[in-house]
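Just the one chain here, laid out as structure tokens, in the form predicted alone.
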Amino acid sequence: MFKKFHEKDSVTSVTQLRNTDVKRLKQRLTQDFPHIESVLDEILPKKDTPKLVKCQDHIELIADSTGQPLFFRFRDSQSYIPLLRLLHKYPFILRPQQVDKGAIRFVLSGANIMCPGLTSPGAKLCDAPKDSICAVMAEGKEHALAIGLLKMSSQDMQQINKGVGVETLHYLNDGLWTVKHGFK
């Protein structure tokens, strides 16, 4: 999704969020990710004025006052998804799904994750429903490689064991990961 994202070319507008929008955002985040509630004031402090960054291809980003992106949303989705940098600070926000060592290079190139990569001996599959957001972890690694959207439930992945199990939304070293200066 962010393979060809460039901070100068892809951004169409940057606006500050109103206080009511920030409240609504916090409520939505605690509803979508219950574990984020304990650290939400650290991520979005009360005195901070977050920014809404609108990008091409109907992508929206939420950035802090310095312009560093924190969350993204695509198309007409209702929920914002935390970025990898935020997930590395607070790994408990998303439910983890672990791939085996053979899938790492494909995930780092932006490929979707196939069911055999999630059900092989080196992988660990956590119980999760279809269309939920997950952190893609790697066998033997501490931090997440990617953030993905489950295309089928974890029970279906174990039973069917064919096809795409997780659609990769954001991964290490994609265009969004390489944003250096933030959005001003």
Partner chain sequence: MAEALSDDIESNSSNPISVQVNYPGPKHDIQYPLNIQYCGECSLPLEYCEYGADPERCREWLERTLPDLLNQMQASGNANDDKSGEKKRQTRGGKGMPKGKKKFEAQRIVLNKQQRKGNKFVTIIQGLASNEVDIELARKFFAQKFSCGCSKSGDDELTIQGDVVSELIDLLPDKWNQINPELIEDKS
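Positions refer to the first chain, counted from 1. All figures in this text were calculated on a predicted structure; none of them were measured in a lab.
Not pictured, yet referred to below: the form predicted in complex with the partner chain.
Contact flag, P45 vs the partner chain in the model of the complex, heavy atom cut 4.5 Å | No, P45 stays farther than 4.5 Å from the partner chain in the model of the complex.
Any chance E60 has a heavy atom within 4.5 Å of the partner chain in the model of the complex?
-> Close contact is absent here: in the model of the complex, E60 is far from the partner chain, nothing within 4.5 Å, heavy atoms only.
Do S109 and the partner chain come within 4.5 Å of each other in the model of the complex, heavy atoms counted?
-> So S109 counts as contacting the partner chain.
Consider A123 of the chain shown here, and say whether it contacts the partner chain in the model of the complex, taking contact as heavy atoms within 4.5 Å.
-> Yes, A123 lies within 4.5 Å of the partner chain in the model of the complex.
Just one of K54, K130, H35, K26 has a heavy atom within 4.5 Å of the partner chain in the model of the complex. Which one?
-> Contact check passes for H35.
Site check V14, R18 and F183: each within 4.5 Å of the partner chain in the model of the complex by heavy atom = Result no, not one residue of the spot touches the partner chain.
Residues within stretch 83-116 having a non-hydrogen atom within 4.5 Å of the partner chain in the model of the complex | Counting only heavy atoms within 4.5 Å of the partner chain in the model of the complex, the contacting residues of 83-116 are R85, H88, K89, Y90, P91, F92, I93, L94, R95, P96, Q98, D100, K101, G102, A103, I104, R105, F106, L108, S109.
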